[in-house]
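The chain below stands alone and is given in structure tokens; this is the form predicted alone.
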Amino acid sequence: MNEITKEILKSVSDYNDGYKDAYSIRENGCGVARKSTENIKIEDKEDAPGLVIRVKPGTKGERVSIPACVTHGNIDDIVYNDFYIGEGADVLIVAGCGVHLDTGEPARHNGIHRFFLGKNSHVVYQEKHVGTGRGPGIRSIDPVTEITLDEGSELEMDSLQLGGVDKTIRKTSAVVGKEAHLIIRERILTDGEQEAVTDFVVEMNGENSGVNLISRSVAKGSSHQAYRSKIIGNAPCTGHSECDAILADNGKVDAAPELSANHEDAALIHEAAIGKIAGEQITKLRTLGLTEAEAEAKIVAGFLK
């Protein structure tokens, strides 16, 4: 691995000269390091570039890291990773990604992750996306996440993108079974001419299933963000979609939450709020000695925390 990769790994996946648990590191379209454990097996896919990760039933308290890095231009990296989580398992999955450019050529990473959670299993899934380097090339990260939740299972997804990514299309779809739950929290910051699109589609097919989609975003400069969510209630279930966005400078945000209730006991709610930072918040912080720019940065940081 080159030094740029190591710095990206520290930023997106808590890399510290290695990982203690299972991991696979991808650099510029190739796997460069990998380790399985007794309970978590990582193998190559047979029909596409990518991995099959299998977590044994009953596994508790373990972590698997699968970061991917692109460190120069003219790379369009695509990877397909499948996760099979055994019954009753409880694990942390970290899938950070970074694109670094010092030249004018574009670069892109497209990670397609499929999750199959067994009965009564629990997964915390963290993904951090960053763009770095001084080159004018377009840095693109386009994650696709497909989730299937068996009875009584739960997936908590925490998605973070706080700068440097010029274009991103983030697609997440899920099928939620009986008494299963899905929680997604995303935080996005765009600036300059950057563009970000979020697209959630969740089908609630099981009795007493639930979903909570929470999006926090800040659009600065002349950047543009679009938020789309669709929750489909096909059974007695609860669903909630919440989008809060702050505009600064000439930033633009579109929000279009959609609900489809196909069962009389489907209880679905959506909320969307878009606006600028309140002037009284800036004034209050300035009385504490901060400049206007420092006050705004403080408010944004707290909002995206």
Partner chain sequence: MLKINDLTWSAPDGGRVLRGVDLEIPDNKLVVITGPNGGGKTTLAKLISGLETPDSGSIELDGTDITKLDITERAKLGISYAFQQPVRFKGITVSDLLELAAGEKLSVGEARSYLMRVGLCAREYINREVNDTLSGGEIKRIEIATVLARHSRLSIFDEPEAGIDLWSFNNLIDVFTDMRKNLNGSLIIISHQERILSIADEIVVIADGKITMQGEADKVLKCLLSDDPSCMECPKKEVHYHGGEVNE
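Positions refer to the first chain, counted from 1. In this text, all values refer to a predicted model and were calculated from it rather than measured experimentally. For the two forms, the rigid core is made up of the largest set of C-alpha atoms that agree within 1.5 Å on superposition.
Quick note: we don't show the form predicted together with its partner chain, though the next part is all about it.
Each of R286, G289 and F303 places at least one heavy atom within 4.5 Å of its partner chain in the predicted complex. Here the chain stands alone, but in the predicted complex its contact with its partner chain, taken as any heavy atom within 4.5 Å, falls in 239-247 among 35-43, 48-56, 62-70, 239-247.
Scanning R216, R108, K167, R114 against its partner chain in the predicted complex with a 4.5 Å heavy atom cut-off leaves one residue, R216. For the chain shown alone, Q281 is a contact residue for its partner chain in the predicted complex, at least one non-hydrogen atom being within 4.5 angstroms. Though the partner is left out of this view, I299 does reach within 4.5 Å of its partner chain in the predicted complex, counting heavy atoms only. Once the rigid core is used as the reference frame, the Cα position of G18 differs between the shown form and the other one by less than 2 Å. In this overlay on the rigid core, A295 has a C-alpha that sits 2 Å or more away from its partner position between the shown form and the other one.
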